[in-house]
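Here we start with a single chain on its own, the form predicted on its own, put down as C-alpha cells.
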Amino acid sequence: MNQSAISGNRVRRRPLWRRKLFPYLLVAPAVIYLMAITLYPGVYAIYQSLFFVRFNEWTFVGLENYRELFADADFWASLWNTFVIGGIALTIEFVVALSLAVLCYRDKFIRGWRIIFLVPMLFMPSAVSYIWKLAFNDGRVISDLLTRLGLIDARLDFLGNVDLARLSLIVTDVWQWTPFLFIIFVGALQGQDAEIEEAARLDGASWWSLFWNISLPIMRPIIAVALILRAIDITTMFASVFIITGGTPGGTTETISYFIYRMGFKTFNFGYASAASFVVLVATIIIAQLFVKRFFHSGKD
C-alpha cells in the first residue's frame, strides 16, 4: 500500500470526539422522549404541590400541603392498607411463582404447559377487576359455590367485611401478577451454569439441596429486582380498588393510589394530591434503593 492511500484513510477517519458522541446521539431520541413523559410531569407535580389548586385557582401555600399531609389520618391509613394488601399479595405471589418456576425447571411435562401460567397477565387490569368483582360481589359466584359445597351457611358480603374486602383485592392481584414473577424466575433458573449443578448432582445432592444451596443464592439479586418491581407496581394499585371495592368498607381498602385519586378528582384539591404523589415517590425510591443495594451486595458475596 502506497503512502497516498494511507494518507487518504487517515483523512476519512472521523475524529475521536465524534466517535464518542455517536452512541449518545443514537439514544438521544429515546432519552428525550422518556424525559418528556416522566421528568416534566414530576417537576410539574412538585411545583403544583406548593399551591392550593382547585381548577384555575392557584394560591401559593408553600409547604402547607405537606404539613397537612403528614397530619392526615387518611393518608397514613391508605399507606397501611397498601402495605397490608400489597404485602400479603406479594408474599403469596412470590411463593407461588417460585414454586411453579422450580416445577417447570425440574419437570418436563409441566414445562410444556408453562404458557398457561402466563395467560392471566395478558388481560387488562380493568377487565380482570370486573371479572373478580362479578365473582365476589355482583354475581356472588364464590358465595354460591361455597354454599353448595356446604362450607358456609349463608352468602358472604365481601364489601361489608374488612377482611373479605381485602381478600378480594389480594386474590385479584395474585391471579393476574403471579405470572410476572414466574417468568422472571424461570428465566433465572434456566440461565444458571449447568456445570455447577451437574457437579453437585454427581456428588449426590438432592434436588432440594441443589435449589437451596445453589440455585437460590444465584437467583438472589434477580429475586430482589423482581420483588422491587412488583412492590413498586403494587403502590400504584388502583384499578381493582376503584372497580371492586371503591375503598369500602370505611376506607379500609383505600390504597395510596386511590387516596391520591380521591384527593385530586373527588375533592379537586390537586395541590394536595401532588404533594402526596411526591412523598410516595421519594419514599419508594429510597426503600427500593436500599433493598436492591442490600441484595446485590449479598449476591456478590
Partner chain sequence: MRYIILLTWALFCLAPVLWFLSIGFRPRTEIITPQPIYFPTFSLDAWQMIWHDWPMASYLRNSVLAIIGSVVIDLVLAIPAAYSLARYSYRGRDDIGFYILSTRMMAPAIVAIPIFFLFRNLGLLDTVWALMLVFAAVNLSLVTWIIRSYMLDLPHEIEDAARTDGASDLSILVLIIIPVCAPGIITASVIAAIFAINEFFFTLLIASTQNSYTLSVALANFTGGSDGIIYNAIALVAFLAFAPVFLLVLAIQHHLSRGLTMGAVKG
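Positions refer to the first chain, counted from 1. Rigid core here is just the name for the largest C-alpha set that superposes within 1.5 Å across the two forms. Everything numeric here is computed off the predicted structure, so don't read it as measured data.
Keep in mind that the form predicted in complex with its partner chain is not shown, yet the notes after this line are about it.
For the marked spot (104, 114 and 284), a heavy atom within 4.5 Å of its partner chain in the predicted bound form is present in each of the three residues. When contacts are judged by a 4.5 Å heavy atom cut-off, residue 133 counts as touching its partner chain in the predicted bound form.
Residue 180 belongs to the set of residues with a heavy atom inside 4.5 Å of its partner chain in the predicted bound form. By the criterion of a heavy atom within 4.5 Å, residue 236 is counted among the residues contacting its partner chain in the predicted bound form. When its partner chain is considered in the predicted bound form, residue 119 lines it closely, a heavy atom lying within 4.5 Å. For the residues 162, 79, 210, 96, the 4.5 Å heavy atom test against its partner chain in the predicted bound form is passed only by 96. Just one of 145, 73, 199, 154 comes within 4.5 Å of its partner chain in the predicted bound form, counting any heavy atom, and that one is 145.
Contacts of stretch 184-209 with its partner chain in the predicted bound form, defined by any heavy atom lying within 4.5 Å, are made by 184, 187, 188, listed in sequence order. Residue 140: CA moves less than 2 Å between the shown form and the other one after rigid-core fitting. Once you line up the core between the shown form and the other one, the Cα of residue 251 stays within less than 2 Å of where it was. With the core held fixed, residue 160 shows a CA shift below 2 Å between the shown form and the other one.
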